[in-house]
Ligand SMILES: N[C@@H](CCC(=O)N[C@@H](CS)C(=O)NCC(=O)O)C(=O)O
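Here we start with a single chain on its own, the form predicted alone, put down as structure tokens.
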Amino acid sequence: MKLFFSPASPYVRKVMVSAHEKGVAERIELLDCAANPVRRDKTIVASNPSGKVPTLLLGDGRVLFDSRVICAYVDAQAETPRLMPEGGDARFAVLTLEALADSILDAAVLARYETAVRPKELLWDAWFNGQMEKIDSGLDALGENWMALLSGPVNTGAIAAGCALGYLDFRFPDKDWRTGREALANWFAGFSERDSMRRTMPHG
């Protein structure tokens, strides 16, 4: 398996945390690339029309994207631990938790682009504030409705949530998301101590 990789991407981190949890990280070769929302890396585009990371190249020529699909594939590479329940209500609960965490990530990445990529004279404050509101409502939902699933056996939804919170600390260090969400903050502090999280700290 070969993975187009950015050390700062929280979506790539989801994949690599999953791979470490499953014990298959050493089977993934990380491919350097220059993913960018404006100047797209043509090497990635040749395999994934969106030009986004993560993009996974398989040995038989197949290509997988996006992070949810690749995490599901990684989960299928070893029997245990099972990161996504095989069926029933438990599966849909984990899928929904992952979708919620990804919605926080999507808003955070768009907010990041607004301040880091858009020319300063074109900065749209209302757009930025709208994304931050999405982040806050998502965090509130995590803390109010999902602590039981977050605190149970490690699963794909919890991994996505951990990567979302880690991205906020990485790209928005001045944002105090912990105050008023102490249970979520305490969970993240503990989850961040997992070897898979320590090995995939974002940088760049």
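Don't overthink the numbering: it's just position in the shown sequence, from 1. The model shown is predicted, which means the values in this text are computed figures rather than measured ones.
In what follows, reference is made to the form predicted together with the ligand, a form of this protein that is not presented.
Think of it this way: in the predicted bound form, the ligand has a heavy atom of just one of 139, 28, 168, 35 within 4.5 Å, and the residue is 35. Comment: 64 to 72 is the region of 64 to 72, 141 to 149, 158 to 166, 172 to 180 lying near the ligand in the predicted bound form, near meaning a non-hydrogen atom within 4.5 Å. Contact annotation for residue 188: none of its heavy atoms lies within 4.5 Å of the ligand in the predicted bound form. At a distance threshold of 4.5 angstroms between non-hydrogen atoms, residue 113 is in contact with the ligand in the predicted bound form. In the predicted bound form, no heavy atom of residue 196 sits within 4.5 Å of the ligand. Using a 4.5 Å cut-off on any heavy atom, the residues of 27 to 66 that reach the ligand in the predicted bound form are, in sequence order, 35, 36, 37, 50, 51, 52, 53, 54, 66.
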